[in-house]
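For reference, the chain that follows is the form predicted alone, supplied as structure tokens.
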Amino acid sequence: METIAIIGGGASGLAAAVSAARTLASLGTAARTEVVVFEADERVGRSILATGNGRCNFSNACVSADAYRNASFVAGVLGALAPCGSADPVHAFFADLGLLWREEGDGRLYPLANKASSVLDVLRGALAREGVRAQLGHRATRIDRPGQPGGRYHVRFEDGSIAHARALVVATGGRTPRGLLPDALPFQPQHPVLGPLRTETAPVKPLNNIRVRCVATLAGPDGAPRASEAGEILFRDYGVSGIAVFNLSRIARPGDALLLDLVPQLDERACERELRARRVRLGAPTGEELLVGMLLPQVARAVLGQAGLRPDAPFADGDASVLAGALKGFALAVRGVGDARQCQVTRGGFDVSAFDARTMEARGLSGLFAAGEALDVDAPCGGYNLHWAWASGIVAGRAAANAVGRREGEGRRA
């Protein structure tokens, strides 16, 4: 009995396992080859349950390779998925498993049951139907290449046990140890992204747990804008959070400035005019009184402070310009990632240049494949990262099964 080892039972690993088992069945070799998932945790798919605040934004209605880091490689992987009518191959994969879903804003796809567990349930059902075996509590520490061409890989685990596999898919996610695979494969250091940002704390501490809708712009040390995101921002005592911030965190660096446009419906000149008109209507108000109805009191005080205006001082006509500037660009100095535990994805991993996008196979290491976050690929929020996990897992699992099938065929002919 030959073995295809799937190292990791997260999203990409489970997709790879189902894909490999189905491909073996189509080749007629399922009786001679088993698919085994080796998972460090006590159950497979635990990471899936935590996605989308427990709802699992498992994909997006409009996936483009341009949304991803290392976009050309991702384009090759997505292109390697066989078309299935007019449907996206990943969506067709889940439809075949029995999952129903609905579309929300920005193309986000969620299971109809509104629970991440329903996504895991259809995957676990497929594993059972296809005869995939799970070995839980097995944390891989090193994979040794075969002693001779065409031989088996040796997977060493933390408990001292060893498994042998004719082919394997590395789907160990964002905590892939550098020494897991042979040294010949280039590796980019991993670090969390797609999470909150830590900023200077003085402006944000009084605003802890307050939400605002705005346009957030990330600017470099030279003041040049690098990217903008519209959406809801959540102030925390260490910085800022929210989907817009998460997306900007992918490119944010210490020393950047995060500029919050708190009145995006007005340009700066229109904002000045509005402030002057409010001053006249309200009859010599203080700065804090002027902003009642525009901003929450805590936010108003923070903006006035950044503009250098006392909240309790009468608002002068000449103050409109400086306050408009603060409203259109409430500035926070970026210090780094705020809370790594909240980050949704890890950047880094094995360099995509060492893998064939059509099969996910490592160049020069026949029979060794990788998928998901084990590779240096990430994307914004919106279901793109899970879509990558499923897509790369499906391609890797299928290719691993085909590789084993070819070797069996060559062995029989010999």
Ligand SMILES: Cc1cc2nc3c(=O)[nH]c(=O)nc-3n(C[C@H](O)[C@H](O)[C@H](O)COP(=O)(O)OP(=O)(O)OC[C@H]3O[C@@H](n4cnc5c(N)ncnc54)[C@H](O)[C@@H]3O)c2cc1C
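All residue numbers are counted from 1 along the displayed sequence. If you're wondering where the values come from, they're calculated on a predicted model, not measured in any experiment.
Below: the form predicted in complex with the named molecule, not depicted.
Legend entry - Contact label in the model of the complex: A20 to the named molecule, heavy atom within 4.5 Å: Close contact is absent here: in the model of the complex, A20 is far from the named molecule, nothing within 4.5 Å, heavy atoms only.
Legend entry - S47, heavy atom within 4.5 angstroms of the named molecule in the model of the complex: Yes.
Inset, instruction - Would you check, heavy atoms only and a 4.5 Å threshold, whether R250 touches the named molecule in the model of the complex? - result: R250 lies outside the contact set for the named molecule.
Legend entry - Contact test in the model of the complex: S118 vs the named molecule, heavy atoms, 4.5 Å: Close contact is absent here: in the model of the complex, S118 is far from the named molecule, nothing within 4.5 Å, heavy atoms only.
Inset, instruction - Using heavy atoms and a 4.5 Å cut-off, decide whether R139, C343 and N385 all contact the named molecule in the model of the complex. - result: Each of the three qualifies.
Legend entry - Heavy atom contact within 4.5 Å of the named molecule in the model of the complex, the stretch among 52 to 60, 25 to 33, 361 to 369, 348 to 356: The contacting stretch here is 52 to 60.
Inset, instruction - Let me know which residues along 1 to 31 have a heavy atom within 4.5 Å of the named molecule in the model of the complex, or say none if there are none. - result: I7, G8, G9, G10, A11, S12, G13 sit within 4.5 Å of the partner.
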